[in-house]
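There is one chain below, alone, in structure tokens, taken in the form predicted on its own.
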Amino acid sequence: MNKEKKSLLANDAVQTLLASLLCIVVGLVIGYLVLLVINPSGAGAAITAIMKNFMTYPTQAVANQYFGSTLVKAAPLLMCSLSVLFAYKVGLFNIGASGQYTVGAGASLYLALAFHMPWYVCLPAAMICGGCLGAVAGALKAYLNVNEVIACIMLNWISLYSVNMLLNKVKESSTTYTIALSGSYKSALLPSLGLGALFSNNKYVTIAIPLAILLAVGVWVLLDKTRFGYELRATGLNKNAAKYAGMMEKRNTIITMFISGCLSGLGAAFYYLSGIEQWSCAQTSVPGMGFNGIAAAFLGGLNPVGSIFASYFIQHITSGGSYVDKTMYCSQISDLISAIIIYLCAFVLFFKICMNNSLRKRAEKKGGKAS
């Protein structure tokens, strides 16, 4: 029995699950304590509202509709999570997912609004543009040894202001937002294929949701089950050894960042081509979706399948924060609680290291007693 327990706790998947749950619990506890400090009388109801999200609605039809909207927002978050995860598995830290997401949004919306292109043109365009931006950071890393973190941060801001200027040409005359796709540009909207009917006819539910899940499985297969994925991971572990083994380490670095950028750019197209939101040409900060993708990747244990559940959970609590009673707490309190929980997600690997250290010490003690 002891051997079975030991082997179960030493299993990487079990460790990831336990570490993720621990991060979530700790984050919720800290969030609850913050609410208690601000206003003790409403703390319980507030933290419950965050966790319940769409389940706060009394009718099943309305709850289903808002559940669909949560899934719509979780799909691009999953893509950003996969983007960060893919690069990290190959030894690169893609902090430029937000910039690649921004470029993807700009490409898809501009083609849709300026040239009336259909969704099946806008979608790959967003993917390619995001990939090209990632490839720029990859090329700087491969040929000039520029740290990819620095390159990506600079490209994030270049992307934001470039897209703002580009989309300023297709914005509404009276606001800072781009023209709504639901008007004369319906061909650019992603098809639903009947999925909206499952969520009380939510018109924003599209094929983006199943496509994101399929891509997560595809990333897992690519990285863990193919020769190409092995070469990419080998390059990340030791590029000199990979070069000695005959692998093209520079090419692999650029390809990795290109694929990573494609995933982020595709996530933006999934979001904006659903019609759920318009781009504001006056925004002065890059979308947080890319940075939340980092948290989702780590909360999911850097596993593509785990990222599916982690992305949904993060979006669930983020959306749930909007239901906090604003008469007791300021409007920013929902963002604060979500940020605390998301911040704690980064400690998944730390908790896994602690578990492994504890298991190793136990094994050493048992080995010492046995001898």
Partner chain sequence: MILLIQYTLIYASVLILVALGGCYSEHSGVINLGLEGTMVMGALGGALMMKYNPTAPAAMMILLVILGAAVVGVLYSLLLAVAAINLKADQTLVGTALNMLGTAAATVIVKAINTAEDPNNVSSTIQYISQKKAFIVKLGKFEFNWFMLITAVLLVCAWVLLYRTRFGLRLMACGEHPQAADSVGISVYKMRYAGVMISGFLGGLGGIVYITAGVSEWKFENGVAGFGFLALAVMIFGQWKPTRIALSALLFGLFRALSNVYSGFALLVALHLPSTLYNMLPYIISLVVLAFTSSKSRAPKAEGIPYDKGQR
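Heads up, when I say rigid core I mean the largest set of C-alphas that superpose within 1.5 Å between the two forms. Residue numbers count along the first chain shown, from 1. Computed from a predicted model, the values in this text were never measured in an experiment.
One more form of this protein exists, namely the form predicted together with its partner chain; it is left out here, but the text below deals with it.
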Are any of the heavy atoms in residue 330 no more than 4.5 Å from a heavy atom of its partner chain in the model of the complex? yes
Is the gap between residue 220 and its partner chain in the model of the complex 4.5 Å or less for some heavy atom pair? no
I'd like to check something about residue 88: if you look in the model of the complex, is any of its heavy atoms closer than or equal to 4.5 Å to a heavy atom of its partner chain? yes
Within 4.5 Å, heavy atoms only: does residue 346 come near its partner chain in the model of the complex? yes
Name the stretch, out of 58-66, 31-39, 303-311, 44-52, where some heavy atom lies within 4.5 Å of its partner chain in the model of the complex. 31-39
Would its partner chain in the model of the complex be within 4.5 angstroms of a non-hydrogen atom of every residue among 149, 162 and 165? yes
Just to confirm, with a 4.5 Å cut-off on non-hydrogen atoms, which of 181, 262, 208, 155 contacts its partner chain in the model of the complex? 155
Considering non-hydrogen atoms and a 4.5 Å limit, which listed residue (279, 199, 270, 298) is close to its partner chain in the model of the complex? 298
Heavy atom within 4.5 Å of its partner chain in the model of the complex - qualifying residues of 283-321: 284, 291, 292, 294, 298
Could you check, with the core superposed, whether the Cα atom of residue 354 shifts 2 Å or more between the shown form and the other one? yes
Are residue 277 and residue 343 closer or farther apart at their Cα atoms in the model of the complex than shown, with the shift being 3 Å or more? farther
I want to verify one pair: residue 74 and residue 348. Are their C-alpha atoms nearer or more distant in the model of the complex compared with the form I supplied, knowing the change is 3 Å or more? farther
